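Next comes just one chain, in structure tokens: the form predicted on its own.
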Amino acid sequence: MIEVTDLHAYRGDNYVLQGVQMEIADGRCTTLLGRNGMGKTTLVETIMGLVRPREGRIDVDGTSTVGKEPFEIARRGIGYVPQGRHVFPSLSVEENLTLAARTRGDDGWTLDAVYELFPNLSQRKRNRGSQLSGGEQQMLVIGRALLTNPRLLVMDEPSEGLAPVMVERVGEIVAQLREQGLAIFLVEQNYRLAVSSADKVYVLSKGQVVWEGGPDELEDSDDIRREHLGV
């Protein structure tokens, strides 16, 4: 679905992405692992059009998206769960959910379907975003992305700052969406969550992909896990 070829990107004077190559397959969960500061969020934001690359290509279904605005990329069927959540604090839960919603026929995501997935949001739909716990805010942002009815859901560090019980819930949600055939690009530092969810794993270090393979292969790659992931 997405092919990244020889991608180079900067943040200010910092050379962050240094020739990244990867593929995100349709209908599968692709995970990206790496320590802090290795370029994971920069890669996500470059794919989403929030950072402009200096060199390289990003193709969605064979068509380049480099130079496109974020809303144009989203319209290609990509939902985005950003790092740090970015809930609109003064809007109600329901307003947060529906502000970017797009319909997709009878089998698409609806407000009722999101409330069924996240019952807590249904109970608090009139509360403002600022009145939710961190875990509830994360569910809200995932629900908001699902209501765009994406073909691919990009999730940047969805477990960050969450209690263990909520990290487990995020894993359950990813598993459920994966079973439904939604393509997922999961960017994580939580090794266990990332590996248990993955069909394909990439490891990013110093702006380069240093390893790729299946989750079972990564479990057997002690040197890679120790050197680049600290596990």
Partner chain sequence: MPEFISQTLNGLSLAGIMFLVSSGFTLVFGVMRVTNLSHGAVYLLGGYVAYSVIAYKGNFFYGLLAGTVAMAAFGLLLEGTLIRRMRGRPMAELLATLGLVYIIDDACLVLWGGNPLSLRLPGALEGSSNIPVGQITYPNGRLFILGVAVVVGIALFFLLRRTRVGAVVRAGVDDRNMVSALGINVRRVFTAVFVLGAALAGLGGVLGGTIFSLYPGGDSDILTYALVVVVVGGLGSYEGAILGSLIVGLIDNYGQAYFPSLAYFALFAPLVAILLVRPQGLLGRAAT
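Positions refer to the first chain, counted from 1. Predicted model, so just to flag it, every value in this text is computed and none were measured.
Not on display, but discussed next: the form predicted in complex with the partner chain.
*Asks:* Going by heavy atoms within 4.5 Å, which of 131-139, 155-163, 108-116, 93-101 lines up against the partner chain in the predicted bound form?
*Replies:* Of the options, only 93-101 has residues within 4.5 Å of the partner.
*Asks:* Decide yes or no: are 50, 70 and 86 jointly within 4.5 Å of the partner chain in the predicted bound form, with each residue judged by its heavy atoms?
*Replies:* Yes: each residue has a heavy atom within 4.5 Å of the partner.
*Asks:* Taking any heavy atom pair closer than or equal to 4.5 Å as contact, tell me whether residue 150 reaches the partner chain in the predicted bound form.
*Replies:* Judged by the heavy-atom cut-off of 4.5 Å, residue 150 is well away from the partner chain in the predicted bound form.
*Asks:* Going by a heavy atom distance of 4.5 Å, is residue 74 a contact of the partner chain in the predicted bound form?
*Replies:* Yes, contact at 4.5 Å.
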